[in-house]
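Considered here are two forms of the same protein chain, supplied as structure tokens in two stand-alone entries, structure 1 and structure 2.
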Structure 1
């Protein structure tokens, strides 16, 4: 399909209209209605990530509305960016121009965040992402300064932490690591590698490759890996491509360690390739599964949402709860919300202190490890 050229914010907003879906609870005439937004991949290959995060937001809103019945009714407008920067640039204007929306949870992905930011900055829409990890969004030292100032915030640690942690986890227990690293040419994948490189010990890297996320035939990369004699392969793209890549790598006879970042951490990942291919895959992410935080909380989530929680559910709840805490204080405008978010001090679902620094990054936070075992992704704890 031919790409459409956006000629104005108004034209882009028209393109976005079909992608916006509103969630609203039963009306309550006596209550004040407040609207927040969610943006992430709700359809397409990456839909599982967005649906998991959206469920977290809706769960937090459901609890808030029940607690504040008769006083507030919070509704959620959903924007489907498919995890694609081009699509994000189409849906973001519609969210930005909807003045009823006073805060946005998302976007989920770094590339989509970067594409959306010009519209949200123009309209000063406060943002809190559960999972966008690219450093340049909040780094004043990046070319052009921090892209997200003053509206962007995130409750997850950045690739500055994830890059070294991923390398550390991937090589754990390997006597003589020979690591080959592959990115998917996305803002996320390239950025993760950039922050991994300075932490690589001398002699442990045997090659790099950068491959489009549209790749279906991985034979060229597989050949480079085997020629390099790698015993550890790290992929910094997303789970649909990772499953295909890892299968072709195993089919070629590769028997070493496979690892990836949080872009691979999706329940759908383990359904996209045989269990024998994915067994033992090591993953990192700044998330903690809801069930590992509290079995009682997970049970309540299942009861209210009709399904188990997914990846970044806890962080999505945290992000939504920050907005909701401000609404409970009487905040009803974007300007007041932005001030409230910047001053926020509270606790995450894990019990850790939660606040933002001057650039919008979460203060503190940890990178966690996961491993595919028996066809499921298991939490293994903080990467040390």
Structure 2
């Protein structure tokens, strides 16, 4: 299945390249056909993330094509990396060598991004990721400088911003915070704690624990938290474990604040524990659900795409819109696209200013806060 999909993508790309040479002038005399790409997990265990992002890109492209009828036709080539670096290294060369593709939304995942980068850098394919948050991709302090320069950009803020924001949100309104922080031993969870640590005021931290994401019995951690007398507990990991941990902690009689990062922000989170247990859980994420930006937008998305929007829908639309606005300015090559993206100044869906800094990070991006209320995750505004 994997192989089949791959070859069909490659074949389609080759065919498209061939047909451009042969038929482009005849097929649509007035409209100019431009191709962009999307890369993310479209099959496999992570498929939901990639499919949701792809829907965002296609939504933006659809609006653009309707608006620019007769002038431009934008096509999207889809590359399935399954969120897996090994798979990404197999699809990236095909995308990189397809010169028709002048911009790439993605990859969705950081590991896949790092595996794909050598190919895109070699062919100077401009990239904008909606969701790859690993700091090293744009960090000038990483060995050899920022990995992604010059082609990589992202519209999502990184864990470097999320760490301190999460701490701030978790302790908001607490007079004397005693914070206990638990990570899940993953690169994401441990990293988030590392970025949080410098932001913790003296005396506010009462303990740390590191618990494998395979753990089902949390009684030891729960006991530590109770001995430490914590009134704020932050978990940096993913939602399946967070639900179990929070449940066992609440059941032990803990009444303080519970908080987590974007790994916990999933619509499935609230289905994994009783609503009474999760009431008031505070979460941070770089993303905002479309419905929280405007219910009209979400309704239109649902009508056009046939399904509700996913977690990174807004970022995917933003990323696609940057390429599309460059295309509207007449950009039709990779080189022109790269300088256009670097110079881009515009607005995101939320209305905030959107541009990139020298390393490809979104300039001045903010973290958003969420809270579980009545068994649903509600947007509570940017973390200040």
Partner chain sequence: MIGNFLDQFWSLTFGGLSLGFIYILIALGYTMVYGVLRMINFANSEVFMIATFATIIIVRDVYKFTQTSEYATGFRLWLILGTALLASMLVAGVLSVLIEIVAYRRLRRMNSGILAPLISAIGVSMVLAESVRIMSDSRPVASPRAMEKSFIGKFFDADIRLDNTIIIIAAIILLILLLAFVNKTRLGKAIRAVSMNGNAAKLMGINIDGVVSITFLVGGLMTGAAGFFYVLKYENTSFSIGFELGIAAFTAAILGGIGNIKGAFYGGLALGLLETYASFFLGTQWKAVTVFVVLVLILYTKPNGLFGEAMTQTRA
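Whichever C-alpha set is largest while still superposing within 1.5 Å between the two forms counts as the rigid core. Since this is a predicted model, take the numbers as computed values, not measurements. Positions refer to the first chain, counted from 1.
Here, the chain labelled structure 2 is taken from the form predicted together with its partner chain.
Candidate list 104, 54, 158, 318; rigid-part hinge between structure 1 and structure 2 assigned to 158. For the chain modelled as two rigid parts, C-alpha superpositions between structure 1 and structure 2 yield a turn of the smaller part by 22°. In the rigid-core superposition between structure 1 and structure 2, residue position residue 199 carries a C-alpha shift of 4.7 Å.
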